[in-house]
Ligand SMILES: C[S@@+](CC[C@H](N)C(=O)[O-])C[C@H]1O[C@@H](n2cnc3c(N)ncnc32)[C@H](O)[C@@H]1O
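Shown below, as structure tokens, is a lone chain in the form predicted on its own; questions about how it binds or moves come after it.
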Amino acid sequence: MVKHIKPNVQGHILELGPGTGSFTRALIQKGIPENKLVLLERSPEFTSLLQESFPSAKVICGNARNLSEVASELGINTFEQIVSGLPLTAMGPTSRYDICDSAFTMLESGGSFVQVTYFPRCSIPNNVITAHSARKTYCGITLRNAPPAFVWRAEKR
């Protein structure tokens, strides 16, 4: 999920739907400074847990559909990388499109949007990938997860 991300980030890394922070911990273990992380979580309970666990990160309780407003309030124009645990396949097509399009709009050129899904096909809409000149790559499956999780990465060119 975070294997491709280098620890020498200059900007911010966005995590959509961090939940309990398993990917967040993996990013920090890779050497990503906690203060470079923006964690956007919808659940107030998980938001509180994340704030306690990662006090130097920017933890926001909010909806990913409002990403541009959230980033603007933080004074952030772009993200170097985006990691998403959002259940995109459980959302309607309009929500899925809006979230992914907004995220790609804020993603720096050369950055990537990594998505975990429980289905063998990428849940980032193809029309978003095409519109943002991204290249989609299947990164593998995590069998230790129950159910097994598929990881996809779309790099913005």
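Start at 1 with the first residue shown and count on from there. This one's a predicted model, so the numbers in the text were calculated from it and none came from an experiment.
Absent from the display: the form predicted in complex with the ligand. The rest refers to it.
Student: Counting only non-hydrogen atoms and a 4.5 Å threshold, tell me whether Thr78, Gly111 and Trp152 all contact the ligand in the predicted complex.
Tutor: Judged in the predicted complex, none of Thr78, Gly111 and Trp152 sits within 4.5 Å of the ligand.
Student: Taking any heavy atom pair closer than or equal to 4.5 Å as contact, tell me whether Gly11 reaches the ligand in the predicted complex.
Tutor: Contact with the ligand, no.
Student: Please determine whether Ser102 contacts the ligand in the predicted complex, using a 4.5 Å cut-off between heavy atoms.
Tutor: Contact check for Ser102: no, nothing within 4.5 Å of the ligand in the predicted complex.
Student: Should Met91 be counted as a contact of the ligand in the predicted complex, where contact means heavy atoms within 4.5 Å?
Tutor: Close contact exists here: in the predicted complex, Met91 approaches the ligand to within 4.5 Å, heavy atoms only.
Student: Within a 4.5 Å heavy atom cut-off, is Ser22 in contact with the ligand in the predicted complex?
Tutor: Ser22: yes, in contact with the ligand in the predicted complex.
Student: Just one of 103-111, 62-70, 28-36, 119-127 has residues with a heavy atom within 4.5 Å of the ligand in the predicted complex, so point it out.
Tutor: The contacting stretch is 62-70.
Student: Which of the residues spanning 37-59 lie within 4.5 Å of the ligand in the predicted complex, based on heavy atoms?
Tutor: Residues within 4.5 Å: Leu40, Glu41, Arg42, Ser43, Phe46.
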